[in-house]
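Single chain ahead, by itself, as structure tokens, in the form predicted alone.
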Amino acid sequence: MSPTLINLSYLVASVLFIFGLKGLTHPRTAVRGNLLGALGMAVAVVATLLAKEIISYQWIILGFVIGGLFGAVLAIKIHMTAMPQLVALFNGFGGGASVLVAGAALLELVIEHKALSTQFTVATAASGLIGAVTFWGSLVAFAKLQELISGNQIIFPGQQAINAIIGAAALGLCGYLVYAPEQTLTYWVLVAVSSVLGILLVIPIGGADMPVVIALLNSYSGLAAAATGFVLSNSVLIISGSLVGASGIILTQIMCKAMNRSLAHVLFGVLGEAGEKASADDVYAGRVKSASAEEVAMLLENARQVVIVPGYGMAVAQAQHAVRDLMNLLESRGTNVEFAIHPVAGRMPGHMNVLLAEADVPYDKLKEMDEINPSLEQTDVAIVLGANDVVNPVARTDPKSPIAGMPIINVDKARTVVVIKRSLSPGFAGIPNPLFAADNTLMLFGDGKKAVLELISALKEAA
């Protein structure tokens, strides 16, 4: 395949990537955007495989089979609730691949005594630093989300100073690698130091802030890929990596705004500083009112406007299809039902949108936080299904709270709030929620899916 055709194929692939990203900006066009992106990747892969400098096809097929089997097993085994962990792993694999490819390219040129340009060595150093931070940071995020380690903040004295020293050391090693690239050991020392930095940057971040971290690591994986594109002089890798890096940092900025966090704090691993926490006994003692499905059904019978706020608990219970059935039943009786989607509900950006789309809930029913909040005062019943921190009013009222200042969905302003939850256990932020003890709140304790199915049965019996 001639270089002209290869470059033309890369251009076509890049255009498809851009249209794919455009499609992913709205739920209605997301599937088409995903297909366009996949088609672009297929064009890029085929063009690359047909290039003359590619290694033998035997090795490529072996890698394809191993990677394909691994991916197929993951796709079959993984639960929807574990998608955030899977995304974290994908980010990490991208960073790890960048480290290995850049390192192999450096070794190859040094062994063959070829000239090493400044562009090559700078890009190699960037791949090693960013890729290693991404890989190990993503593994820590995976371990926290998978509960292999504590999801709480892990903080020790002098942590930020140590991070700064390690970061400076990594940058110093980058400079030495550019100065003396034939010293290939420097690259692997750089990777080792950056690996420690990646771990230390993520361990102080609590589970409540993990959606932001995942978005940031996604951006890092794109930047590492773009740097590797310069190492290989591969234009489509540069473009695709840049698109992922740029879109990831934009998403991180959006997530930061949604959580009232500083982007600078995210970049340097100082998210979510712990504040004073009220005890659950002080917040809940004697004030929590529980209700049965039949009692909640009586409320819903007379409701004209119902807002459902989904959260991670809905994902765990796999209750999205039951929720859709409840929506259909209520709307068949003339009740208007809408869904309030907080930007960080669940454990990753867009988590709730994906689950509700899986259950064929119409896109126009999904309302973003800023859109739904003004109407909550006119809402008859707000149903909170497995959400916690994103509806916690202390974000507005307690400046010492770990979630102080975080914009929330104001369900406490609805006429009646029904919280479906297994227990009064706290969310990722680890703090009690005064909403559960509010005068206008009823707790419907139980598994999310079972509780919604009981609500549906009670409504039908009452008809």
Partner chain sequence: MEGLIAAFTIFVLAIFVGFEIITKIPPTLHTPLMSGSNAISGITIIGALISAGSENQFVPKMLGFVAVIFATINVIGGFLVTHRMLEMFRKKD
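Source: prediction; values computed, not measured. Rigid core here is just the name for the largest C-alpha set that superposes within 1.5 Å across the two forms. Residue numbers count along the first chain shown, from 1.
Not pictured, yet referred to below: the form predicted in complex with the partner chain.
The three marked residues, 70, 83 and 226, each reach the partner chain in the model of the complex, with a heavy atom inside 4.5 Å. Remark: of stretches 165-173, 215-223, 150-158, 376-384, the one touching the partner chain in the model of the complex is 215-223 (heavy atom within 4.5 Å).
Of the heavy atoms in residue 410, none are within 4.5 Å of the partner chain in the model of the complex.
Mapping the unseen interface onto this chain, residue 249 counts among the residues with a heavy atom inside 4.5 Å of the partner chain in the model of the complex. Although the partner is absent here, residue 37 is a contact residue: one of its heavy atoms lies within 4.5 angstroms of the partner chain in the model of the complex. Taking the partner from elsewhere, residue 199 is found to have every heavy atom lying beyond 4.5 Å of the partner chain in the model of the complex. For the candidate set 124, 91, 392, 194, a heavy atom within 4.5 Å of the partner chain in the model of the complex is found for exactly one residue, namely 91. Proximity to the partner chain in the model of the complex, defined as a heavy atom within 4.5 Å, holds among 283, 361, 317, 297 only for 361. Contact annotation for 1-28: residues with any non-hydrogen atom within 4.5 angstroms of the partner chain in the model of the complex are 10, 17, 18, 21, 22, 24, 25, 26, 27, 28, listed in sequence order.
For residue 324, the Cα coordinates differ by 2 angstroms or more between this form and the one not shown after the core has been superposed.
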